[in-house]
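Only one chain is given next, in structure tokens, and it is the form predicted on its own.
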């Protein structure tokens, strides 16, 4: 894409998407591991009660995670290979290309995948080690009983977080509206702009769930001077608590959903607007795929005294 003319937007978008994909996968796996280790807290406490050391428990968990993790990565790579051929077959079918969709294996992609997931695995092991090291036997039996977030009176810090989250989202959408109107001439400038848009919106979304929702709902409660219906009491308190305590997971779900919807919409628009884009770019050109049609068009032009040039490929 770098060699083609006018594709710096696409090149920058692919770079941003690759970094964003790694970030989302990393956060999701680390968050899932946190839930996983907390759910097994009683089991870990039971191991300690029967005399196992924390080091031995950590080694057992490390072996279990390695088997699960390596198996998942191998299945994922195999699924990616099969899926890539399937997508290529669909592409050939949609575009009418008569060609064989060969199974392509990229050693560079596999090595990058192994490096990324190897680093994530080491981070997961570090999290598990810190969790086991810091917890006592008694606390391990009470981990699941603890809430992730305690609901308190909305503080100045939460108000600030709420306002900052809304400002981040607004700034991200503002830069996105200027992305194709401003003078971004290089792939690096597009990359920086796209990175800022994604970073500000994703961070703003997290802060929105963490503080903005509580801040907005607190304003609603204050405007009612404490006179709330039973439905408002139950709904406001529940939403405030659950969004604060699950802000990270909600951010991941929101980001992945937005990416999926955005990519599907972009694919749909690109496919069905291809003909109009071609006409607007070269309105006086005709592309024909066989000699008979070309001869017919030439004859029509000649009869109507229209000058033309023919170029055969």
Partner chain sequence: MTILDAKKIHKSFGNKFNKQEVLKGIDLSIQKGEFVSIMGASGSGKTTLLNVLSSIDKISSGTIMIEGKEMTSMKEKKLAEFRKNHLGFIFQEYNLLDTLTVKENILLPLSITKTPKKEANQLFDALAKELGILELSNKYPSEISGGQKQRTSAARAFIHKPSIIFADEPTGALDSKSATDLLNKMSELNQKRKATILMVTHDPVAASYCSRVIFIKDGQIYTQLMKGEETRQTFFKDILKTQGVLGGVQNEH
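Here the structure is a predicted model, which means the values were calculated and not measured. Numbering follows the first chain given and starts at 1.
The same protein also exists as the form predicted together with the partner chain; that form is not shown, yet it is the one meant from here on.
Asks: Quick one: find which of 49-57, 261-269, 23-31, 66-74 has residues within 4.5 Å of the partner chain in the predicted bound form by heavy atom distance.
Replies: Going through the listed ranges, the match is 49-57.
Asks: Go through 141, 173, 196, 92 and name the one with a heavy atom inside 4.5 Å of the partner chain in the predicted bound form.
Replies: When the partner chain is considered in the predicted bound form, the option within 4.5 Å is 141.
Asks: Within 4.5 Å of the partner chain in the predicted bound form, heavy atoms considered, which of 192, 127, 137, 219?
Replies: The residue in contact is 137.
Asks: Could you confirm whether residue 275 comes within 4.5 Å of the partner chain in the predicted bound form, counting heavy atoms only?
Replies: Residue-level check for residue 275: no, no contact with the partner chain.
Asks: Would residue 38 count as a contact of the partner chain in the predicted bound form, using a 4.5 angstroms cut-off between non-hydrogen atoms?
Replies: Outside the cut-off, so no.
Asks: Determine whether any heavy atom of residue 43 comes within 4.5 Å of a heavy atom of the partner chain in the predicted bound form, and answer yes or no.
Replies: Although the partner chain is absent here, residue 43 would touch it in the predicted bound form, with heavy atoms inside 4.5 Å.
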